[in-house]
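Okay, so here's just one chain, in structure tokens, the form predicted on its own.
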Amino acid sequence: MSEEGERRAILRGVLHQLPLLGVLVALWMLLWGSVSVLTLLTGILLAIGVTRVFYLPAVALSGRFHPVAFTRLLFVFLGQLVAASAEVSAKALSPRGIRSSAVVEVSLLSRSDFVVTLTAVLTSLVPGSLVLEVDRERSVLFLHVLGAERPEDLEDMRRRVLKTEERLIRAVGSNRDVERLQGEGVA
């Protein structure tokens, strides 16, 4: 490889790391609760050090971002968060309590680590469900579902997770994932 080719490869690598570096610097500044030159510089140094010392495998992003679909995803997620919080609180405070729970397996449509991870994170953030395990090779999530008393409760959770994945695919998924959605009849 020529010297210019090497420089371009290094530049591509640095540009690929910029979003991660930016997030790490922002997190550092939030942790310190200060926006100053000192926290900015120490954040940059720390972010560069962390990315050089700890190997982080590259996450393949789709390059697609649809603001309307992303906004819809956020609003639905916030609605689910509020509704599930109220539901779990009511169950926990009721005299009957929470009598049952279950583990449900959800096979996802996407094979993207990015979409699978975001689906798992959004699902775990909603009270009443927790991702216990992710099978990356098969794109399967195993969830602990609180208060699942009937088989319909498990199917309802499975549908909710698949709808979350669908919204994620529409917002940030790859063209291949969008085609799979359409192939599955999800318009």
Partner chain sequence: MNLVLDVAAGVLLVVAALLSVAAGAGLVRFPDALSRMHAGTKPQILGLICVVLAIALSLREWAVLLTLIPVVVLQLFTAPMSAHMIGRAGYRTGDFRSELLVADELEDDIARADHVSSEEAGEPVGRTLDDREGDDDRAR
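Numbering follows the first chain given and starts at 1. Since we're looking at a predicted model, the values are computed, not measured.
In what follows, reference is made to the form predicted together with the partner chain, a form of this protein that is not presented.
Student: Can you tell me whether residue 64 touches the partner chain? I mean in the model of the complex, with a 4.5 angstroms heavy atom cut-off.
Tutor: Contact check for residue 64: no, nothing within 4.5 Å of the partner chain in the model of the complex.
Student: Quick one: does residue 70 come within 4.5 Å of the partner chain in the model of the complex, counting heavy atoms only?
Tutor: Residue-level check for residue 70: no, no contact with the partner chain.
Student: Give a yes or no for residue 149: in the model of the complex, does one of its heavy atoms lie within 4.5 Å of a heavy atom belonging to the partner chain?
Tutor: Residue 149 belongs to the contact set for the partner chain.
Student: Residue-level question: is residue 44 within 4.5 Å of the partner chain in the model of the complex, judged on heavy atoms?
Tutor: Taking the distances in the model of the complex, the answer for residue 44 is no, it never comes within 4.5 Å of the partner chain.
Student: With the partner left out here, which residues of 133-148 have a non-hydrogen atom within 4.5 Å of the partner chain in the model of the complex?
Tutor: Counting only heavy atoms within 4.5 Å of the partner chain in the model of the complex, the contacting residues of 133-148 are 133, 134, 137, 138, 142, 144, 146, 148.
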